[in-house]
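Given as structure tokens, the chain that follows is alone and in the form predicted on its own.
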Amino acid sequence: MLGLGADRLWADMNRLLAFLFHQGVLDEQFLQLQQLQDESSPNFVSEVVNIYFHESEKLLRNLRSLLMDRELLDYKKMGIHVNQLMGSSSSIGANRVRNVCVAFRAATDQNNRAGCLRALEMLEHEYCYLKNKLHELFQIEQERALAAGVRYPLQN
């Protein structure tokens, strides 16, 4: 019975991943990241993604703060933050977040505050969606590992 639960959870994981790829949320870079995970580092992907989330939230706060300062809009600094977020999003395969960063970067290059505000709103939406879906994926992965009898240290 234990094996059947693990099989069902494996299928659930694969369905969720297929959905995220079909929707363009993730790209092939996420698969490459997964290939780096093995028995010696069973939580590698979730650890890398959690670092990404931590750093991304700081960048998003900084972007919002910069955009709220109407008198001293620093488009160059915004562009630097967007580039950092775009690069880290690319490195984990967060395709839709990366794509919004491209639009955001174009708005900073044009010193377009309204465009930057729209892009930030879209960026926060895509980021939250990604975060929720990857947390769901990692939860299923933990449940699958437990159902299969594998004992990995739990993530915080």
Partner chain sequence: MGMACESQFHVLAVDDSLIDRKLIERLLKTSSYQVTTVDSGSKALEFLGLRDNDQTDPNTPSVSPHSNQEVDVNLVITDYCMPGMTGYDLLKKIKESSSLRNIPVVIMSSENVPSRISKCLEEGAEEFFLKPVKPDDLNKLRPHMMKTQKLRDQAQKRDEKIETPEIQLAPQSLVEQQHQQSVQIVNTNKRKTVEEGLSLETDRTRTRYNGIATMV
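Numbering follows the first chain given and starts at 1. Please read these numbers as outputs of a predicted model, since none were measured by experiment.
Quick note: we don't show the form predicted together with its partner chain, though the next part is all about it.
Does residue 121 make contact with its partner chain in the predicted bound form, using a 4.5 Å heavy atom cut-off? No, no contact at 4.5 Å.
Could you tell me if residue 44 has a non-hydrogen atom within 4.5 Å of its partner chain in the predicted bound form? Residue-level check for residue 44: yes, a contact with its partner chain.
According to a 4.5 angstroms non-hydrogen atom cut-off, is residue 96 in contact with its partner chain in the predicted bound form? Heavy-atom contact with its partner chain at 4.5 Å: absent for residue 96.
Report yes if any heavy atom of residue 57 sits within 4.5 Å of a heavy atom of its partner chain in the predicted bound form; otherwise report no. Flag for residue 57 set to no.
In the predicted bound form, does each residue in the set 66, 75 and 106 place a non-hydrogen atom within 4.5 angstroms of its partner chain? Result no, not one residue of the spot touches its partner chain.
Picking from 112-120, 84-92, 66-74, 125-133, which part of the chain touches its partner chain in the predicted bound form when contact means heavy atoms within 4.5 Å? Comparing against its partner chain in the predicted bound form, the contact stretch is 84-92.
Hey, which residues along 21-53 are within 4.5 angstroms of its partner chain in the predicted bound form, non-hydrogen atoms only? Residues within 4.5 Å: 28, 29, 32, 33, 36, 38, 40, 41, 44, 48, 51, 52.
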